[in-house]
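Next up: a single chain in structure tokens, the form predicted on its own.
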Amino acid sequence: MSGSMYDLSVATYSQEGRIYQVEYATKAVENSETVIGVKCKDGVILGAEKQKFSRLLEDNTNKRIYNIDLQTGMALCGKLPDGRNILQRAKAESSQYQDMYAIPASAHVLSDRVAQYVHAYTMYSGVRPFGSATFIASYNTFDGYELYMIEPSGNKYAYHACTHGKGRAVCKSEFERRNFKDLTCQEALVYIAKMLILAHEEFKEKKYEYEMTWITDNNGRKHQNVPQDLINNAVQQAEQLIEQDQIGE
């Protein structure tokens, strides 16, 4: 078998022990719009940028962040059709857990089940890996606020702050500069907006819109959209911060 044929099936390892189709799926996520998840002092925030590639598109459509249940949300980074498939599985797992145990599934349990589903698509030659990474944010009485990211390989990790997509390097450097655990969700919105703006700084001629949701002490610990006026205000303040940073340089 020639080297170029190791990527024809997800069930085939290369001579170095690599599965190329999983790496291709990861690359699809890396080239996607940026998605961010952050745990704060009083809650957790999910944020995403969405490129408006046509002036004919309606605002606030083609979502990247969805509800799984009242206290759990999922953000999709990468290929949206693949992400929606994972979303439907997560909703089914959540509903099944609720029916079985009469309590909502925690992010820990839900991410375990979804990660197994994603991993299954890296094991058989008749399927391909999902070109999507998923973020799960949740609150439950036992574990408090939780944030997980599931990668196309099926690996899942718990985070205080995580990101994926084109702007991941910019966001990670911002995470290292600021301790979000000391900020409230409302205070953190400005820095979330700043990271999303910086994520596409080299594509200023393109139009973007921002999607943010949160689960906080102030909204009954339910997964809800951040009010649009707060998002607009955060974006304005973030643009001012970026200008100040550029002047300081």
Partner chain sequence: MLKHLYDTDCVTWSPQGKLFQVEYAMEAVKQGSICLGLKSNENVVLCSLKRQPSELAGYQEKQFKIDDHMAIAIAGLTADARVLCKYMRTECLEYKYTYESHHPVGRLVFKVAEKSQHKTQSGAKRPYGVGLLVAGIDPNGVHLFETCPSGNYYEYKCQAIGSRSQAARTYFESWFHLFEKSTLEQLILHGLSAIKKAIMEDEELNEKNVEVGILGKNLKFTHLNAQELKDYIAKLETFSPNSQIQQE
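Residue numbers count along the first chain shown, from 1. Bear in mind that the values here come from a model prediction, so they are computed numbers and not experimental data.
Beyond the structure shown, there is the form predicted together with the partner chain, which is absent from this document and is the topic of what follows.
Figure note: of the listed segments 158 to 166, 173 to 181, 137 to 145, 123 to 131, the one touching the partner chain in the predicted bound form, with heavy atoms no more than 4.5 Å away, is 123 to 131. Only one of the listed residues (71, 153, 94, 85) places a non-hydrogen atom within 4.5 angstroms of the partner chain in the predicted bound form, and that residue is 85.
Checked against the partner chain in the predicted bound form, the residues 198, 190, 65, 28 give one hit for a heavy atom within 4.5 Å, which is 28. Three-residue candidate spot 111, 149 and 211; no residue lies within 4.5 angstroms of the partner chain in the predicted bound form by any non-hydrogen atom. Mapping the unseen interface onto this chain, residue 119 falls outside it, with no heavy atom inside 4.5 Å of the partner chain in the predicted bound form.
Using a 4.5 angstroms threshold between heavy atoms, residue 115 stays clear of the partner chain in the predicted bound form. Among residues of the shown chain, residue 8 is one whose heavy atoms approach the partner chain to within 4.5 Å in the predicted bound form. The closest non-hydrogen atom of residue 24 lies within 4.5 Å of the partner chain in the predicted bound form.
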